[in-house]
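Shown here is one chain on its own, the form predicted on its own, set out as structure tokens.
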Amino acid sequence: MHGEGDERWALRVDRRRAEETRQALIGRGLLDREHRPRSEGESLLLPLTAEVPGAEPAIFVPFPQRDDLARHELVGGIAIMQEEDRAAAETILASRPSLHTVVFPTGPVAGEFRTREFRVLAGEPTTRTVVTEHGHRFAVDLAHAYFSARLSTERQRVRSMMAAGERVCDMFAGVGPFAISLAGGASLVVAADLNPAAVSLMCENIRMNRCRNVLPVLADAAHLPGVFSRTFDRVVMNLPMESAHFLRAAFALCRPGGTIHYYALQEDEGAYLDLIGTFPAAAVAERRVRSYSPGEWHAVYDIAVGE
């Protein structure tokens, strides 16, 4: 072993299983996150915080200090920067071996399909990546279908509320993160989206995650009640800027006693309670999901549907 760096205990793993092993080490508090993993042929050396069976000593280069990196968000192997700075992008790209591309959004999320345009600042010229989340893998193309890694915890929260064998409708499924995350507790998940590119990626993700109970549907959510009526135990409405227009359809899809998860962007607590009250809602619980912009946040209303 040669070169500058720090000697640490290391675990040698096959590159194809590296992410799975990395997540397991994180869960046990054994992954050293201050040093960069090393590639050696088909193997990856993961730095450890302590010796474990099978560990070997190795030299690792420290990551750049977090304070030295420009602000960015990670989506799989892509870093999304908040400012267009090519030099900073190269530094971010070098900071993590899992990154393959750094991009800058040239416009907001917009249009019928909720997409945005990006400029590649460093790395591979692509907006496509794979996101690993709670044992699932999602193929994502940032320029062709909306995806938010920040809703990972929310997807697990909804999954924890489910009873076995529920029928679920995801009205705005995108590439399928909610639908596939909930499939393990469902008898059927109908996953609809109006964006053909999103549905294509969703089909890929259904195969990748071996889900046999997710039905992808290319459709306007407003038309779903004409096909499925009130047959669902749970309905997910994650279209935060426009969900209000589809509440009537959601209540037409969800059976009495079922639950609707209505997501919205708002500036005031309870902003949508009056609107929800115009429908047969037996009970409503409101909670903040995450901050969205100064003074505005992503909220969810868990609605118990009445008769």
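For clarity, every value in this text was computed on a predicted model and none was experimentally measured. Each residue number is its position in the shown sequence, starting from 1.
FYI, the form predicted together with S-adenosylmethionine (SAM) isn't displayed, but the following is about it.
What is the one choice in Ile59, Leu44, Leu48, Leu239 with a heavy atom within 4.5 Å of S-adenosylmethionine (SAM) in the predicted complex?
-> So the residue touching S-adenosylmethionine (SAM) in the predicted complex, by this definition, is Leu239.
Find the only residue in Leu182, Ala89, Val235, Ala173 having a heavy atom within 4.5 Å of S-adenosylmethionine (SAM) in the predicted complex.
-> Of the listed residues, the single hit is Ala173.
Any idea which of 75 to 83, 93 to 101, 191 to 199, 117 to 125 reaches within 4.5 Å of S-adenosylmethionine (SAM) in the predicted complex, heavy atoms considered?
-> In the other structure, the partner sits against 191 to 199.
Exercise: Asp220 in contact with S-adenosylmethionine (SAM) in the predicted complex, heavy atom 4.5 Å = Yes, contact at 4.5 Å.
So, in the predicted complex, is Phe113 in contact with S-adenosylmethionine (SAM) at a 4.5 angstroms heavy atom limit?
-> Although S-adenosylmethionine (SAM) is absent here, Phe113 would touch it in the predicted complex, with heavy atoms inside 4.5 Å.
Is Arg155 a contact residue for S-adenosylmethionine (SAM) in the predicted complex, using a 4.5 Å heavy atom cut-off?
-> Output for Arg155 is yes: heavy atoms within 4.5 Å of S-adenosylmethionine (SAM).
Would Tyr272 sit within 4.5 Å of S-adenosylmethionine (SAM) in the predicted complex, counting heavy atoms only?
-> Close contact is absent here: in the predicted complex, Tyr272 is far from S-adenosylmethionine (SAM), nothing within 4.5 Å, heavy atoms only.
Would you give me the residues of 135 to 167 that have any heavy atom within 4.5 Å of S-adenosylmethionine (SAM) in the predicted complex, in order from first to last?
-> Those in contact are Tyr146, Phe147, Ser148, Leu151, Arg155.
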